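Coming up is one lone chain in structure tokens, specifically the form predicted on its own.
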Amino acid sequence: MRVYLTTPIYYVNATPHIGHAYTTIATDILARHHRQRGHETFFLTGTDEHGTNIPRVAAEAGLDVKAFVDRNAAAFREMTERVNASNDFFIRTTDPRHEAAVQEFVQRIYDAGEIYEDVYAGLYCPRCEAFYTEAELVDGKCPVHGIVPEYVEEKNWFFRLSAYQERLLDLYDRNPEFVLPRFRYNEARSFIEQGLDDISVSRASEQWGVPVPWDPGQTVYVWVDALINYWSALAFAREGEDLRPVLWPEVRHLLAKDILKFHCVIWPALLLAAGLDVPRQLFVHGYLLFGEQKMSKSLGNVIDPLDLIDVYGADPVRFYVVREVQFGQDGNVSIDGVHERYERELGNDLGNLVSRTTAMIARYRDGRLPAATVAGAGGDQLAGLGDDVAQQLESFDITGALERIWKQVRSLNALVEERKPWELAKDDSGAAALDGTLYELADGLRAVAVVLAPYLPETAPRILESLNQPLDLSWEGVASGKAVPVEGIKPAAPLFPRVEAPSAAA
């Protein structure tokens, strides 16, 4: 099986906030999971660096445009590294190789007769870099940024999007899981059904972008340029190799709901016009809200993910963003919420379980974990865990899969209270039951470490190390009775040491 996963490329008009980290973390969890299962996996992220906004914001910052995009692209690259993303490539749209691919792509559509010249007159939000109809505005303002759009009139090149309405409807009807969750599928299909207008694919007034190959006085509209990154990157991401023939048909895009129209309607139509395969699947997630509002640098209501990582570490931040809000829905996040999840679930549920288990093995069995016994193989306490989590992650239910894992963690904690190893250790009559219980706890923790590894890539190996188990994270390990007999287990250091006031991360 091959899997090609992408985040949207992030716009470098400002530095990253936790909403950007959210999509990157979610995509990374899926990529790591597929690699565990032996799937050929490619994970792409990067930055969108052209458009009207960039020269304006660069001038406000007193910087040359190239210096500005280099600085902010570096901030997004740092965020990607700090959240422990395992991306295979980081694309920048100012890369000359991408710019050449954009020209090749739009030339294909032009040669197919699907692009024509006309005058555009309409409403344009400079922050979205998107055109809107009157019906799409909210109280006369951009639905995303809440500002009054500009009236723009200029000669542009247009793509015949209207000609693709029936082909798009057919695509959706043939593939009811083309867009997930289902309510986003319905939203996109409804948008198509209401009728499509042709769209401008160039700007005459903007020079910071990719020149239109047949009309170098105009630049390719930034959104068209940006979407093509998913296809272009595969041509040069691996030295001397074009991955497009192998990986392109397997692409799965993750994106936030504000860019649904571009990805779920315009992008498939552009691909059809260029004679290329449409994406295999798109998953549209909601917003992380702060104080009930979408985070925005302009509103000043952002949480800096790097500040949180400085205080709590990358794993707790990764855990929090996909645990707190059902992936696919909107939901509120807060500094206090991070702290609560850190203490209650990571510290108490998981961290204490590892500490107690290793301490009991060290105390009652001098650090020796015996081979599995009939009493200790757990019957099948891990039955269904691997299948359940894999199935949920295949359908992008990242939050549901984590809840299934946490059910297992809670079950292991309940096992400690139910079996009371400290009572079994009081005399020899409980020796076999004690061995079985300690094995079951260690074996359960080992399996939990494997399924948690995509979420907590730093913590999972530490759990295995604390139990002196092989550092094997392959998916076959999610089964009972796989813990190997070892000696020398010592009480583990806290996985999640206490952190002081949550205001430290604000």
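Note that residue numbering follows the sequence shown and begins at 1. Since the structure is predicted, the reported quantities are computational estimates derived from the model, not experimental observations.
The same protein has a further form, the form predicted together with a small molecule, not shown here; the description that follows concerns it.
Q.
Given that the small molecule is not shown alongside this chain, does A492 nevertheless sit within 4.5 Å of it in the model of the complex, heavy atom to heavy atom?
A. Answer no; every heavy atom of A492 is more than 4.5 Å from the small molecule in the model of the complex.
Q. Applying a 4.5 Å heavy atom distance criterion, does H263 contact the small molecule in the model of the complex?
A. Because a heavy atom of H263 falls inside 4.5 Å of the small molecule in the model of the complex, the answer is yes.
Q) Is A273 close enough to the small molecule in the model of the complex to count, meaning some heavy atom within 4.5 Å? A) Output for A273 is no: heavy atoms all beyond 4.5 Å of the small molecule.
Q) in the model of the complex, does A226 have a heavy atom within 4.5 Å of the small molecule? A) Because a heavy atom of A226 falls inside 4.5 Å of the small molecule in the model of the complex, the answer is yes.
Q. Which one of R323, H339, R365, H285 is close to the small molecule in the model of the complex, taking close to mean a heavy atom within 4.5 Å?
A. None of the other options qualify; the answer is H285.
Q | Answer option from A237, A372, L255, I303, heavy atom within 4.5 Å of the small molecule in the model of the complex | A | Contact residue from the list: L255.
Q) If we take heavy atoms and a 4.5 Å cut-off, which stretch out of 153-161, 229-237, 408-416, 386-394 is in contact with the small molecule in the model of the complex? A) That would be stretch 229-237.
Q. Quick check: do R32, H34 and V251 each get a heavy atom within 4.5 Å of the small molecule in the model of the complex?
A. Answer is no for this spot.
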